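Only one chain is included here, represented as structure tokens and corresponding to the form predicted alone.
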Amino acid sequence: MTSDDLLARHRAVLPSWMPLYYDDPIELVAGSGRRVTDAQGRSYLDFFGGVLTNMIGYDIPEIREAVERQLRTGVVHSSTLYLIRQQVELAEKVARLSGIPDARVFFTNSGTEANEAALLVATNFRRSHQILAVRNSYHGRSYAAMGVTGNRNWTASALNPLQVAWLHSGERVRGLLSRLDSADRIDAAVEDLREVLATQTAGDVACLIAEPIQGVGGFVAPPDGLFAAWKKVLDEHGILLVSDEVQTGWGRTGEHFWGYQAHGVTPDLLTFAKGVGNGFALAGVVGRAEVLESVPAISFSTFGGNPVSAAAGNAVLDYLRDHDLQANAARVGAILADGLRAAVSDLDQVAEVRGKGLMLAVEFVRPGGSEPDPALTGRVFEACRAGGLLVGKGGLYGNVVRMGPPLTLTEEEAREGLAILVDAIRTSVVAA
């Protein structure tokens, strides 16, 4: 079967609003380490990891063997109506690692479901459907999660079960706060929060949900310390803080195990997903017991934390800690970040090289200002693929190249990918 045949079949049966990467979409048929192979036998160094999900890489023996052990028992599924040893063990690890005291964990299948569960818990705990969210954010594709997503490209419906008030993000390239330095931006953001509470809410707000680094938004990060400054105001009103760690968790930023830790604050609820399953469907919400226990009716997750995905999750976390992948993310990420800044920051078309650890982005603009240039971004994106490197795209205007390689990326692979990326950027800029 050719890729063209598969593409035609895809278009015949799947919805058009499900995008495919690349002008000539590819089918990945094999993977090992940090590399994948397409149906034509072309190998690529993967700097996007299935949208930051293949966090340990491909075909990792420890993870494969853990899953195979569970499969050999014959129990692939039982539902949460029965005790699941792998799930309990994983919950113990997540609760301990979360940094949240007296924590409880509820497992789901995806980050969308995790954020939906967090919103369910927060609104029940506070008996309010009022939510604070951040502009340029992304929290999922379900009804409520989409309602707190501050990116119009991903907001498929104007209908919303929640009453949402919007805060300014940490955007440094454009926007009302972009002209300020970090300290002044924090002060301005806190002033904005107080004004929003006073003017756009009835007072009894349930929670503020925010990403420490905005994923789909283009890896935009607020100044370190903003969450703590926000939480001082939230605590005055009893409002919960939900940290969406779907993309920032598990040591990816290099500095900390969770993105929230850069802010010197502990959230009331934390959502996680993606990398913890290394490709197996696994996600959840962890929070203080009094908050997570506030759901007044029976609820469960048919597949969340099932024996197979939980076995994978346990193996992932063990591997992550045993190999100190957080330190590797800091070390190897610095090679990429420093190399990119040295090689392309002089270009007028590069507005910013940003990120932490192995969560990095390059934003492209038209020369002489901050007008987004998604066309140039598209050329860079395609040039990377032609050079044997897979990267991601993002940003409100589709003008950001995103990189979230597996945390096992080696220094040699980082330099290899850096060379391909720099060549793609410089070649695409000249072509423009």
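Bear in mind the structure is a predicted one, so any value in this text is a computation, not a measurement. Residue indices: 1-based, along the sequence shown.
Below, we refer to the form predicted in complex with a small molecule, which is not included among the displayed structures.
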The one residue among G287, G111, G305, G218 placing a heavy atom within 4.5 Å of the small molecule in the model of the complex is G111
Exactly one residue in N278, T253, S309, N115 has a non-hydrogen atom within 4.5 Å of the small molecule in the model of the complex; which is it?
N115
Using a 4.5 Å heavy atom cut-off, state whether L270 contacts the small molecule in the model of the complex.
no
I'd like to know whether V242 contacts the small molecule in the model of the complex, with contact meaning heavy atoms within 4.5 angstroms.
no
Answer with yes or no whether G140 is in contact with the small molecule in the model of the complex, where contact means some heavy atom within 4.5 Å.
yes
Determine whether any heavy atom of V246 comes within 4.5 Å of a heavy atom of the small molecule in the model of the complex, and answer yes or no.
yes
Where, among 331-339, 262-270, 221-229, 132-140, do residues come within 4.5 Å of the small molecule in the model of the complex by heavy atom distance?
132-140
